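The chain below stands alone and is given as structure tokens, in the form predicted on its own.
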């Protein structure tokens, strides 16, 4: 596969007349045609509409006025986010297929479209953005492009495999406990959960009202910054949207980390069955960050177990509040993992939910105190590089290996970037966390690391024979 472009590369090529938007979209569809039947990227493709949008982008480029920040870039939308072109299913038999018709474009979809992004289709997810695949249901089983015996991670599965395979250059995921960051980590790409409230989520099927985030997934931190420039900002339609100033996140990518203090928590005791490649990869990342000017110090994230538990209690309780009527009347239509996960909320009382919110507030204060001593915190995104599809039947304990839900409880921004590979060639991932609404510093660190490493530019071996771009 030649010229495996980042969004930034593609925009440069478009502006320099080295490629057209139509060619970009055709190449993306060619990649999808080659591998989608195996990887399970799309639930619906919008070929006709996408090619028409690409032709309009080409007209604008030819006229010499390419104002859109993402003009001509092929982008996919996770299928819990509404679009004009087709229905939103949440990859479920349960959701009313008319749900999205009354919405049209979600706010984030409309913002991507207004910036010239070309919407290529709706991407696979786990049912209602939770759990794991269910082979008894009539939906694709997402597979990892680095090894198709392995899962992509979830729940933004199609966005992860779509970017990694070149079927899209970027896309939207959602993150309630790690659903952007885990598939980004497992598929070897970059993904950003911004601060809670930074990106409006109206027009998105909810999972956990006080935890849900919509965010960018792409090959590089720079690509995530380009997308966040478009996605971020208050919208009155979302009661959780924050009225906070939005910066130019791309302008903050200096490549220099001088003066920053970064706290490292290896989370070595969280999950016993740790991939032996994790710690050497972290050591190499620390060396790179230090060479870029940062000071790296050891830290311990406060109340790890308590905040991780608060995320689980909150997510399951809020999801149960949404799904309880349908669970009673359409139990068998739900995925088995959805029934188990959401149904587990019956074990929690109202007092448990209230206590979880109290823990979240205490945790936010404790983490803010830590951030008085450091500018960023880094951790492994996961203690494992992934699980085989055969292992997905029993996931409860394995979810402890994914170090993401803590940051949903507190709401801080968290970026994941590739940091190497394990001994069977599966990607490893570094998580970079910042202060609330300081996505600029988070993205600056991720981008600086990627300027001195090339893990994010690696192409899955299965794509080597796919000639696009």
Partner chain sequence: MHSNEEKLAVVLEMSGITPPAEDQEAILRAFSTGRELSKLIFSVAQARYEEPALIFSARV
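Numbering follows the first chain given and starts at 1. No experiment lies behind these values; they were computed from the predicted model shown.
Although not depicted, the form predicted together with its partner chain is the subject of the following passage.
Residue contact check for residue 360: one or more of its heavy atoms lie within 4.5 Å of its partner chain in the predicted bound form. For residue 148, no non-hydrogen atom is located within 4.5 Å of its partner chain in the predicted bound form, even though that partner is not displayed.
Residue contact check for residue 85: none of its heavy atoms lie within 4.5 Å of its partner chain in the predicted bound form. Mapping the unseen interface onto this chain, residue 333 falls outside it, with no heavy atom inside 4.5 Å of its partner chain in the predicted bound form. Of the candidate stretches 376 to 384, 299 to 307, 274 to 282, 257 to 265, only 299 to 307 has residues with heavy atoms within 4.5 Å of its partner chain in the predicted bound form. The partner is absent here, but in the predicted bound form a heavy atom of 313, alone among 90, 232, 289, 313, sits within 4.5 Å of its partner chain. For the residues 251, 346, 236, 114, the 4.5 Å heavy atom test against its partner chain in the predicted bound form is passed only by 346. Remark: all three candidate residues (328, 353 and 356) come within 4.5 Å of its partner chain in the predicted bound form, counting heavy atoms only. Interface residues of 91 to 106, taken as those with a heavy atom within 4.5 Å of its partner chain in the predicted bound form (partner not displayed), are absent.
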